[in-house]
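First, one chain by itself: the form predicted on its own, in structure tokens.
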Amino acid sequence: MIHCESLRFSYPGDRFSLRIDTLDVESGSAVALIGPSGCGKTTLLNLVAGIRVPEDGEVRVGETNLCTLTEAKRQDFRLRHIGLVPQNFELLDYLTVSENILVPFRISGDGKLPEGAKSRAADLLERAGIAEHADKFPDQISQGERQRVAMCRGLISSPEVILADEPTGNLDPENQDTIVSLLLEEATRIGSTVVMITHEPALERRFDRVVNVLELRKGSGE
């Protein structure tokens, strides 16, 4: 499902550079990305999402080489095929919890909600244990509840690929378990491929495979 080859990326004016010879993630599998801070985990996730474009190499999601697409087409591909769960939630303060979950549909295509979208949002909220907060605004719920909202938003379109950037960061163990359980159970149910960044060793056993990004870079001669 995901194939990265000969990736070379650096930020302008920054000494950081990411070099990865190859990374493959099988369809339907769940992979945890680990490694020390600053090793390139988030950068790699952004390359797979098409948010960033490598200076060299290719990133394939399914049969699509994201590096050959324009920015607009990468965004369209991302909205249609990839569910993102950012570390800092990125919820819109002026929308309710339910409205935030439905945002991916509002910014794609003609902006209309597909049939059954509201029912699916309600189901995800129920399974996430936050159905009672559907009509509240982000500043009216806790950090753990906001993270569950972000997770539901990433899952709402039943994406082929789910990319989560340390969604359990700064959460207590109970909330960590709730978030990861929701992610992996829903991914299994809809057949999604999962790549999640984590710093929590206790969560690694929940995944099919653990990839250390620092070791990937060493394999590239870094």
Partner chain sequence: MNWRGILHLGSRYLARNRPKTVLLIAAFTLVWLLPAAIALIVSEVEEKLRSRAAGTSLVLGHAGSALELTFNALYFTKPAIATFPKSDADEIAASGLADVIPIYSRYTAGDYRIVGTTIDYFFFREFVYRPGRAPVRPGECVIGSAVAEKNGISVGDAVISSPETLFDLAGVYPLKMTVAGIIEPTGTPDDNAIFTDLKTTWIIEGLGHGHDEAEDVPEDQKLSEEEDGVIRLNASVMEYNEITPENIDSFHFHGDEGSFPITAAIVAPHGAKEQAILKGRFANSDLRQLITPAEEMDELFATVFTVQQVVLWLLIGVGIGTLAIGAMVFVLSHRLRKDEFRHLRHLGASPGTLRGLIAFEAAFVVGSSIALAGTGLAIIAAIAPMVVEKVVG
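All figures in this text were calculated on a predicted structure; none of them were measured in a lab. Residue numbers count along the first chain shown, from 1.
Another form, the form predicted together with the partner chain, is not on view; read the next lines as being about it.
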(Q) Since the partner isn't included here, can you check whether the partner chain sits close to all of Gln75, Asp139 and Arg153 in the model of the complex (heavy atom within 4.5 Å for each)? (A) yes
Q.
With a cut-off of 4.5 Å between heavy atoms, is Glu99 one of the residues that contacts the partner chain in the model of the complex?
A. yes
Q) Taking heavy atoms and a 4.5 Å cut-off, does Asp93 contact the partner chain in the model of the complex? A) yes
Q) So in the model of the complex, does any heavy atom of Ala117 sit within 4.5 Å of the partner chain? A) no
Q) Taking the shortest heavy atom distance, is Ile51 within 4.5 Å of the partner chain in the model of the complex? A) yes
